[in-house]
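One chain follows as structure tokens, the form predicted on its own.
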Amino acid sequence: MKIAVQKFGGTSLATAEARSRVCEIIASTKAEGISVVVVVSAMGRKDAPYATDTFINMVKEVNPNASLRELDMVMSCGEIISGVLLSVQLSVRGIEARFLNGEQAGIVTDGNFGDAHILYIDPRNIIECLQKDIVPVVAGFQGISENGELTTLGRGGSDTTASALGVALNASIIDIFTDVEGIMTADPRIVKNARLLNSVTYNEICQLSREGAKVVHPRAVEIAMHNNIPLRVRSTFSDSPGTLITHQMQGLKNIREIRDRLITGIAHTSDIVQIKIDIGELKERKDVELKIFKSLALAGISVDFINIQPEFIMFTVASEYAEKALAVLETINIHPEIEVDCAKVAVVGAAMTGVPGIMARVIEALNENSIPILQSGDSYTNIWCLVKKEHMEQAVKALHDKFELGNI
């Protein structure tokens, strides 16, 4: 049995008209002799009546400190609503469908409310549907813990559900349907000549996602990558083939294009605060690095862009956690300098490894546009720079132009 897992995002399910287009895609895939497993997100985006954020806000208006367990219960409702509506609409079109919540789909997770990880999947109910030519419509973003508690998988959890089901069912492909054509060389809202990428590697899209590109969640990519199942990002509202995500060495069409391209794309993320600690000014320097990062970890604060030198420590946190981070540091008698309203821009490309001059071109692009670099870092496949938020869009455009990504 050839199986395709098709995940549809909130905008693809927001209206009856949009769901009708989803039904057409499912019908077309089935007509090719492929069995379809559907994964759904909650309908619409922020502030929509049945969006996840809407349910969260309803609870927090009553109690801002509501337990994660209770929040998980309400956050799971959006996918249930959209899944039932799509199942009914498929049935009206003559396509037999059955809605399954996370538990019914056999998705078993750890007990970490709000950000659970999938432990295993028992796909018996899904396979039974497929054998009877019934389309299983599965609620994304949710599962059941081993002790019977409903859990959610964190932001991007529906993508994770789709990838995990793809692995459990040994699917031929996992399609992530959204409202964009696929993966672009940069955010088209910033860079007018951003181009659609026909294909990218798993590693490249993981890096782009972590650095701010929000088309597909990196956890979903990593699950597919470890099991070598191709992912494809496509638009629900066009016939574009989208962007294929796979291994370089798989031998598929356009893969050589990826290997020959030095830079794949430019990503960015904003609302960052830089924290700088002058170690030389501290009275007690012993194990200071451990004290700093252990204290922040115990407070549940994620840090990024870490730079440790003999005389100073620099790192960044999301703006929403800055005040909490400063309070934690105060408890260990550390009073850092901070730089608010920062942003990170990143140049990503699997082919840059071992190639000289990439950093020089990054610095040249930013210098030519009088954009100060507050901090920088690199890995095998990306180079990132911290800049002021007011310079972010200009920096993205400058780097996109410097590496001639509009000419792909």
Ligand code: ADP
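No experiment lies behind these values; they were computed from the predicted model shown. So that there is no doubt, residue numbering starts at 1 and follows the sequence shown.
There is another form of this protein, the form predicted together with this ligand, and it is not shown here; the text below is about that form.
Enquirer: Thr246, Gln274, Thr109, Thr178: which sits within 4.5 Å of this ligand in the model of the complex by any heavy atom?
Expert: Only one option qualifies, and that one is Thr178.
Enquirer: Though this ligand is not shown, can you say which of Arg189, His226, Lys132, His335 has a heavy atom within 4.5 Å of it in the model of the complex?
Expert: Spelling it out, the residue with a heavy atom inside the cut-off is Arg189.
Enquirer: Tell me which of 301-309, 163-171, 210-218, 73-81 has residues with heavy atoms within 4.5 angstroms of this ligand in the model of the complex?
Expert: So the stretch in question is 210-218.
Enquirer: Is Lys30 part of the interface with this ligand in the model of the complex - any heavy atom within 4.5 Å?
Expert: Outside the cut-off, so no.
Enquirer: Is it the case that Arg361, even though its partner is missing from this view, gets within 4.5 Å of this ligand in the model of the complex, heavy atoms only?
Expert: Arg361 lies outside the contact set for this ligand.
Enquirer: Using a 4.5 Å heavy atom cut-off, state whether Cys206 contacts this ligand in the model of the complex.
Expert: Cys206 lies outside the contact set for this ligand.
Enquirer: Just to confirm, Gly182 within 4.5 Å of this ligand in the model of the complex by heavy atoms?
Expert: Answer yes; at least one heavy atom of Gly182 falls within 4.5 Å of this ligand in the model of the complex.
Enquirer: Which residues from 41-62 come close to this ligand in the model of the complex, meaning a heavy atom within 4.5 Å?
Expert: Only a single residue, Arg45, comes within 4.5 Å of the partner.
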